[in-house]
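One chain is shown next in C-alpha cells, namely the form predicted on its own.
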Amino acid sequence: MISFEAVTIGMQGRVLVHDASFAILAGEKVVLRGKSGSGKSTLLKAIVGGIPITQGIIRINGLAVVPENIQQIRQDLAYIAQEPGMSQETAAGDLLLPFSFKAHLGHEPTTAQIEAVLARLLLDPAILRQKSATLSGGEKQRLVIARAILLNKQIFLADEITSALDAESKQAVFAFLLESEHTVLSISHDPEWLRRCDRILTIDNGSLQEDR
C-alpha cells in the first residue's frame, strides 16, 4: 500500500530522513513520532508529492510517487494537516469543493450521506452554514475527515489530528480512522493514539526505526 525504498529527504542542505525503507500494508495503522523538526511532516508531504525526495522511491499501491503518477495517486490519498486550511466562505463550500472538480463531477453526496458522516464525527449539520473562518481547529479537522470519507479515500495521512479535539470528539475520530479498514499513517504524540496503532516508527537524527 505504502512503501519507502531507501528514501532520503533533504531540505536546505539538511538531511531530514536518510535511507529509510519500510512498508505499510492495506488496513494498517502506523504512527510516526520524533522531536519537533525531525522531519515527520516532511515525510508525509513527500508521500503526496508535495516535497521532492533526494534519492530512493516512494510507492503508493505500486505506483512511484513521480509527477506523471501523482494525480492518480492522490485519488486514494487524504492528507489531514494539524491546521487544515479553509478556502471557501462557508463550511459547506469547503466540504463540497472537491465535488466541483472534473474527477468527482456527478458524485456529489446526498444530504442524508453528509448528515450521517457529520453525525459520526459529532458535528451538527448546522455547521455547514457557518463561515469557514469561524470554525475551531477541531471542527476544521473533522470537516476535512468528513470530506475524505465522502470522497471514499482509502489512505489517510494525518498530522496531529487529535491535538485540538476534546475527549468525546477524539473518540469519534478514533472510531472513524483507527477502528476501520482504512490505511492510516499518522504523526502523533497522543499516548492513546499511539496505543491504538499497530506500529510505531521513530525519527531521530535522520534515522527511521521501528519501535519493538
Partner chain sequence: MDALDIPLARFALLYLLLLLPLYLLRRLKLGLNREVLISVVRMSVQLFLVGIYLKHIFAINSILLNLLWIMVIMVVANLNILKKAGLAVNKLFWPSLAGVACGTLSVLAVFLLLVVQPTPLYDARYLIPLAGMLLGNCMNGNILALERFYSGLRKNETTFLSYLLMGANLNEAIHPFMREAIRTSLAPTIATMMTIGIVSLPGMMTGQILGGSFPLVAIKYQIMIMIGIFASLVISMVTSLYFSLPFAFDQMLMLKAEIFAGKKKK
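Numbering follows the first chain given and starts at 1. Note that the structure is a prediction, hence the values are computed from the model and not measured.
One more form of this protein, predicted together with the partner chain, exists but is not displayed; see below.
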Q. Counting only non-hydrogen atoms and a 4.5 angstroms cut-off, does L151 reach the partner chain in the predicted bound form?
A. yes
Q: Answer yes if any heavy atom of I57 is within 4.5 Å of a heavy atom of the partner chain in the predicted bound form; otherwise answer no.
A: no
Q) Is there a heavy atom of A103 no more than 4.5 Å from a heavy atom of the partner chain in the predicted bound form? A) yes
Q.
So, L97 and the partner chain: in the predicted bound form, are they within 4.5 Å at any heavy atom pair?
A. yes
Q) in the predicted bound form, which of the stretches 163 to 171, 182 to 190, 26 to 34, 66 to 74 has residues with heavy atoms within 4.5 Å of the partner chain? A) 66 to 74
Q) Even though the chain is shown alone, can you say which residues of 27 to 58 have a heavy atom within 4.5 Å of the partner chain in the predicted bound form? A) K45, V48, G49, G50
